[in-house]
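The chain below stands alone and is given as structure tokens, in the form predicted alone.
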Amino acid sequence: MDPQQQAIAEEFDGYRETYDQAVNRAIAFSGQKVESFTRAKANDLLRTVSSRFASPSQLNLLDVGCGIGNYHPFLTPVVGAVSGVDVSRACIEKAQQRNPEVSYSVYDGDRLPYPDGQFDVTFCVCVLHHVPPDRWAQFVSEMRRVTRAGGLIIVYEHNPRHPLTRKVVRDCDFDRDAVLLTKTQTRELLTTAGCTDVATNSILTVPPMGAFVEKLDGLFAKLPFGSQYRAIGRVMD
């Protein structure tokens, strides 16, 4: 593992037991807890996948940069299989304790430890901004490599143009060195990696407060005001 990736891994090792607390401190002004945002993004992921595949229960998903596996309890009852990979060994150990039905691996931040085309959907949630910018293309290229032809790559990221998002990033202990990506940058990364039908949509334009508000949030998907966004691309056949 190169020194930058090693430093990232060691930093997140230290948040194995306190990840949620660190996020909750940063978002305290919103009146919400990290689980609300986690649930909302997991639901968005499931809606996105369900709209593009006939049988989500047959799909094999990979979460790149999965951390302590917060999203996985919401996914495993719906899809066929979930795998998670991260550079932090301590976080992977915690994730495995929490989600024994999920297959977890540690990797070096360079090459994902899976063969070509293993997964139907490969996704990452607010991970890319922790990757050194000179390795963004490699990171997305690896997501592309392990996704089957006809599969999807989905990237969730912070919207750097949203003032409250910038506040959260400033206030979050492990986001001190984050480099936020614009929608345009993320679209270009997916396109360069060989994805087609690349698109971005805003999410979390309104705070996550239940199913009705999540549906309302979907009405604002084309507007630029979301605190985060979803970028999606299909792997070419």
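Since the structure is predicted, the reported quantities are computational estimates derived from the model, not experimental observations. Residue indices: 1-based, along the sequence shown.
Another form exists, predicted together with a small molecule; not displayed. Remarks below refer to it.
- At the 4.5 Å threshold, heavy atoms of Phe53 stay clear of the small molecule in the predicted bound form, well away from it.
- Interface residue remark: Asn70 is counted as part of the site for the small molecule in the predicted bound form, having a heavy atom within 4.5 Å.
- Proximity of Asn99 to the small molecule in the predicted bound form falls outside the 4.5 Å heavy atom cutoff.
- Using a 4.5 angstroms limit between non-hydrogen atoms, Leu62 is distant from the small molecule in the predicted bound form.
- Think of it this way: in the predicted bound form, the small molecule has a heavy atom of just one of Cys126, Ile154, Val79, Val146 within 4.5 Å, and the residue is Cys126.
- Stretch-level contact analysis of 113-121, 85-93, 146-154, 160-168 against the small molecule in the predicted bound form, using heavy atoms and a 4.5 Å limit, identifies 85-93.
- Shown here without its partner, the chain carries Tyr19, Gly109 and His130, all of which come within 4.5 Å of the small molecule in the predicted bound form through at least one heavy atom.
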